[in-house]
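What follows is one chain in structure tokens, specifically the form predicted alone.
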Amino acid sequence: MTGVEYIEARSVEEASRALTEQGEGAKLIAGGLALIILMNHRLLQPTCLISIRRLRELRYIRWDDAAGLRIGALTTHREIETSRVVRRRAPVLVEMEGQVGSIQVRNAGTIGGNLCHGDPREDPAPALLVLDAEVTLASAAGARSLPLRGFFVDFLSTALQPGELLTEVRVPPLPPGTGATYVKFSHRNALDFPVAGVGARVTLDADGVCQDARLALGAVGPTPLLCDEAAGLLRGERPSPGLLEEVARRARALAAPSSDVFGSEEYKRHLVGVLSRRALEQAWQVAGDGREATRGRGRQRSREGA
């Protein structure tokens, strides 16, 4: 850390100004998990660290009937995992966060830092992508909203402009009859990065026909990937082994994995197919269960009113 300037920001505006004034050598630090690893391996050598960890205004979980679920950028993975609001409104995020690293990692790491790191192997992005999440990017000049699908530019590269901070993640209210899930495969356990991760979302109408679907892949390309073309095959259909296999086949074709110590390109494509089908089956089941539960509550209210 010798020769590295350290600034403790007291507001988003102050952090933004410091980023602009310090130039390309300045980096934000909150939980610091990914940043410290990069520095230890000398892959990154910042000249200035700007701490935002004391900005309590960026640490919250709120529900708004119009905007949906709002999560401050400094909210930890563990806080999302244990939130009753998240469990009720977007339970797939609770499911996903329980698979992020160790309990120590989840207690320290923040959702904003995770997304801004831009590593396609991280778990949150695929789950948030299928929920049509948006992010708020703020600077001293103002704030702008950006769909998460447009946030990831390349490996370890995002759409953040000079002086900008990610301040909030928003998940719009999910339509009735929606089920979502996240599945991953890693060689040992959740402490590992996934060899492949898949998020899936299905929305069913009253007759069990798919109205909408999303499928997102992680760890099999330079950025997380939303597979609109593959998921679009499900709209207007009921589940069948042949249909789900075709969606999985298209997801395999859209993936862009590279061979490494964790597996060959061919192996990772195979995993994408297996996990895509599994995730869609689970999401379809969750959506169907929710639809039946809603019908059951309606019948109960009818009996009570009779």
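Keep in mind it's a predicted model, so treat the numbers as computed, not measured. For every residue, the number given is its place in the sequence shown, counted from 1.
The same protein also exists as the form predicted in complex with a small molecule; that form is not shown, yet it is the one meant from here on.
You can rule out all but one of 206 to 214, 222 to 230, 85 to 93, 109 to 117: in the predicted bound form, only 109 to 117 has residues with a heavy atom within 4.5 Å of the small molecule. Although the partner is absent from the chain shown here, none of G177, R201 and A255 has a heavy atom within 4.5 Å of the small molecule in the predicted bound form.
Note on the partner interface in the predicted bound form: the residue among L275, V247, L69, A30 having a heavy atom within 4.5 angstroms of the small molecule is A30. In the predicted bound form, the small molecule lies farther than 4.5 Å from every heavy atom of L43. Proximity of L165 to the small molecule in the predicted bound form falls within the 4.5 Å heavy atom cutoff. By the criterion of a heavy atom within 4.5 Å, A196 is excluded from the residues contacting the small molecule in the predicted bound form.
In the predicted bound form, the small molecule sits beyond 4.5 Å of every heavy atom of L271.
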